[in-house]
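Only one chain is shown below, in structure tokens, and it's the form predicted alone.
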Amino acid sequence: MTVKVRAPGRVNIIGEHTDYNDGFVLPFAIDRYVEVEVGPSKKFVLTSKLYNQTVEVEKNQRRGTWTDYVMGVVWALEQAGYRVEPFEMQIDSTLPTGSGLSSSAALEVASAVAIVKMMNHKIEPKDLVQVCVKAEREFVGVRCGVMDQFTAVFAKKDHAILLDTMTMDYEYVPLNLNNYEFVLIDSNVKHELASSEYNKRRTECEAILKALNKRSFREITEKDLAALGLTLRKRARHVLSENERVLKTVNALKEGRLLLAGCFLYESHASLRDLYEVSCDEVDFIVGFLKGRAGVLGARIVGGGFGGSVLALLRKGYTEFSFEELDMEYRKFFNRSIKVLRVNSSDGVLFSHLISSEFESAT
């Protein structure tokens, strides 16, 4: 049986580097997807249209390439007790890689659902999330949180998800933006230090908990930070303030106070730049250019950092032509172009594909 599944990328409105710290996040899925087509085979054969590659891979073989995201899912499914037989997989994508839009989680989720369907297994949505997180953490080696995979599974069109990553409780927040919209500006930058620095930030956060003898960031208060050295104090202050900004942004969106929500985006970027130190000159330039411009309410870096995209909340009617001045100035300083991505919200896998007996019976 051949199975086709697509999973979306995501944009996180606010709540960056909080998902692996028991914090709050506010993502929504976008209408850019990774699509996989899977069928039985005698060997594991993976074809990526994006990279124009066909690769034969052995089970449990780490290659340090895009194939690890698929084979990591195979490994994690088997670790969870699901039998997986060899397959041939075709992979296509409308989701830019390296842009902070979570193409890796989309590939993991699409692959996991397709494999489960091909093998006639059933899997509950939250178990699916954990399989994909395990694949990325323990097979690929990126110590990610749960936000990206959770969004690719649970997202609902025209809504963001307020997710408490400590309890895994979540709430759908309507995206009533009226005459405004979210736009992504791809910096076309992906610095080599991104993965290593991301893992370093996770290690620093673990060091904070150990130094303060706390089990979770949710137990830490501003007063506790005086016991930390400068670098760890900055990291902790970002996490605490970012959690507050998420909840404030949710309230602002519910009340239709979009100007206030935009202010929180700018505050988030400043915190990520100065306290968590995961921005870069190119992204800071884009945010600085947008700040204070008529029709732009807010902007910030999105994703793991050190490149990727800027999320801007701005008035509808802006076109790519409106960004000509930004592109011209950006070329002058960095000798590269920006790319403007207009995206709409999207359903995740849960609302696009039947992935469990519970949801099949309820549909």
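Quick caveat: nothing in here was measured; it's all calculated off a predicted structure. Numbers for residues come from their place in the sequence shown, where the first is 1.
What comes next is about the form predicted together with a small molecule, which is not displayed.
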Q: Choose one stretch from 225-233, 146-154, 83-91, 170-178: the one whose residues place a heavy atom within 4.5 angstroms of the small molecule in the model of the complex.
A: 146-154
Q. Taking the small molecule in the model of the complex as the reference, which of 198, 217, 266, 289 has a non-hydrogen atom within 4.5 Å?
A. 198
Q: Mark residue 303 yes when one of its heavy atoms lies within 4.5 Å of a heavy atom of the small molecule in the model of the complex, and no otherwise.
A: yes
Q: Decide whether residue 348 counts as a contact residue for the small molecule in the model of the complex under a heavy atom distance cut-off of 4.5 Å.
A: no
Q. Looking at the partner-bound form in the model of the complex, is residue 23 within 4.5 Å of the small molecule by any heavy atom?
A. no
